[in-house]
Ligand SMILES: N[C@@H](CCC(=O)N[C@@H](CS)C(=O)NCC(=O)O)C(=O)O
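One chain comes next, on its own, written as structure tokens: the form predicted on its own.
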Amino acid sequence: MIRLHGTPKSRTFRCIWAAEEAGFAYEIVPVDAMRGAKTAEHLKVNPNGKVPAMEDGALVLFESLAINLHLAAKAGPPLMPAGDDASRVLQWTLWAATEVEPAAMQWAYNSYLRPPAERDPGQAAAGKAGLDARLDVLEEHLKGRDFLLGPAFTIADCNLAGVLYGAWANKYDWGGHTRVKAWLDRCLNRPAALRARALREAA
């Protein structure tokens, strides 16, 4: 049984979604990201004092997207394809973490996550500008494709759509990024995504 430490209303959501896509049985070990992640018990599975963490037998992992790559590799195709497409999965996963997430979080913190008095409209605008520049790349890439690697959904889609879930769920202005919005709708309304979202959105 895979054990996911965290709560659905956190980056743990991405891992719940991946486990659902893979069809794996899993247990959520509740850890409050603000209050419980610094306990000695949790630091054994994530020494960074953050969520999520995963236990899969003797294997312990932190970092949500690394956990997802592990789950996908364990599941195999089509979630984790072979050959060159496996390298493309890594490319889009790293792009999600290094290019997309920093800008998306800058926008999110200053649009809906922080209390209104602590939000900085200038930072929100800067985050949106940065994210829009990355969405331009994605918009062009999705021309003629249903998913990142072509006709089939892979863990690359789960990872990138998971990073963009907050924007998708909180009235981000997608502007001319119509293909990106349609792709997100396809990803986040899959049966596995709906099961993961039900846990997150009920929290």
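Numbers for residues come from their place in the sequence shown, where the first is 1. This is a predicted model, so every value here is computed, not measured.
Another form, the form predicted together with this ligand, is not on view; read the next lines as being about it.
Stretch-level contact analysis of 44-52, 143-151, 170-178, 22-30 against this ligand in the predicted complex, using heavy atoms and a 4.5 Å limit, identifies 44-52.
The putative spot formed by Ser10, Arg14 and Ser64 is fully lined by this ligand in the predicted complex; each residue has a non-hydrogen atom within 4.5 angstroms of it. Residue contact with this ligand in the predicted complex: Ala40 places no heavy atom within 4.5 Å of it. In the predicted complex, Met34 approaches this ligand with a heavy atom inside 4.5 Å.
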